[in-house]
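Next up is one chain by itself, shown in structure tokens, the form predicted alone.
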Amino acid sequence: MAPVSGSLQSVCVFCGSSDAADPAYLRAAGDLGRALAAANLRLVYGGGGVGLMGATARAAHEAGGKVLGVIPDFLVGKERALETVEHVIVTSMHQRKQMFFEESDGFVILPGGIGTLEEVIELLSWRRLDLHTMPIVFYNPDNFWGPLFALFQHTVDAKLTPAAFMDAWTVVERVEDIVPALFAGPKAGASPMLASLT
């Protein structure tokens, strides 16, 4: 399991794998890859060469950054594994996500679909259980993630989730703010949430 705290060296990026994504999202993914390389942060990602995933990894690699892709064997063809970067082939989605967690010191969430949502929910659930305090940064162009944040707030309002949960991540609207937000760490004042379990 990843350390609860420590220096930021590797960043996992969750994002969409669709080549049909908004070109602005694809450009932003490339910008993030270059920013991670410039900050000497290793990119850990889903291993594919498609969509925002591929755009981030290619840009980081071409900028001289370190990249680790983690992809299940059954997705190697579908997501066109990017063989120009270091990659590990695993046997299940569970293995993939566990390796993301173990190999990373922080997380960035770019626009994505149901697969990205599934990864994010598990990451935030583990944060809710105080299994980690790693920084989590959402890139939120045009309020892409607004409906998800509204749903989280709805569970807080219903007293099913502690209010402190809403401090578990940082939201930025510009790509250039992602890396500084990662280095800033978890939100100031964010407190352990496990004691709030009822």
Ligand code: AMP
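Numbers for residues come from their place in the sequence shown, where the first is 1. Note that the structure is predicted; figures quoted are calculated from it, not measured.
The same protein also has a form predicted in complex with the named molecule, omitted here; what follows describes it.
- By the criterion of a heavy atom within 4.5 Å, Glu119 is counted among the residues contacting the named molecule in the predicted bound form.
- Among residues of the shown chain, Ala57 is not one whose heavy atoms approach the named molecule to within 4.5 Å in the predicted bound form.
- The named molecule is not drawn, but in the predicted bound form it has no heavy atom within 4.5 Å of Gly106.
- Residue contact check for Ser17: one or more of its heavy atoms lie within 4.5 Å of the named molecule in the predicted bound form.
- Leu75 is the sole member of Leu124, Val90, Leu75, Val85 with a non-hydrogen atom within 4.5 Å of the named molecule in the predicted bound form.
- Contacts to the named molecule in the predicted bound form (heavy atom within 4.5 Å) from stretch 99-123: Gly112, Gly113, Ile114, Gly115, Thr116, Glu118, Glu119.
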